[in-house]
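Consider the single chain below, provided in C-alpha cells and representing the form predicted on its own.
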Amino acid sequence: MARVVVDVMPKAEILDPQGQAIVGALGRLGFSGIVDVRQGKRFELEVDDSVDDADLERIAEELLANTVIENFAVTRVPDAQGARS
C-alpha cells in the first residue's frame, strides 16, 4: 500500500478569485506583505501496489483536474511504516 498526493492548482494565466479574496481578507486582518495567494485542491489516495504511475497520471488528468484551466502534480509519499493506518 502507498499514499499518493495529487495537488491541483489553477494555471498561472487563470484568474483565481478565491485567492484574491484571501489576499483581501489577510489585509483586513492586519497581515501585511502578502502579495498573492493561489488556492488549489489536494487529493490523498491510498493505493495498492497494482496501481502504477501511469494509472495515477491518468486518474489525475481525467478525473481530479480540469486540464484546460488547472495543472496537477502526482507524488508518492514515502512512509516508514508502509501505509497509513
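The first residue of the shown sequence is 1; numbering continues from there. This one's a predicted model, so the numbers in the text were calculated from it and none came from an experiment.
The same protein also exists as the form predicted in complex with a further copy of the same chain; that form is not shown, yet it is the one meant from here on.
Contact annotation for Ala65: none of its heavy atoms lies within 4.5 Å of a further copy of the same chain in the predicted complex. The shortest heavy atom separation between Gln20 and a further copy of the same chain in the predicted complex exceeds 4.5 Å. Interface residue remark: Ile14 is not counted as part of the site for a further copy of the same chain in the predicted complex, having no heavy atom within 4.5 Å. Mapping the unseen interface onto this chain, Asp53 falls outside it, with no heavy atom inside 4.5 Å of a further copy of the same chain in the predicted complex.
Residues from 26 to 43 that approach a further copy of the same chain in the predicted complex with a non-hydrogen atom closer than or equal to 4.5 Å are Leu26, Leu29, Phe31, Ser32, Gly33, Ile34, Val35, Asp36, Val37, Arg38, Gln39, Gly40, Lys41, Arg42, Phe43, in the order they occur in the chain.
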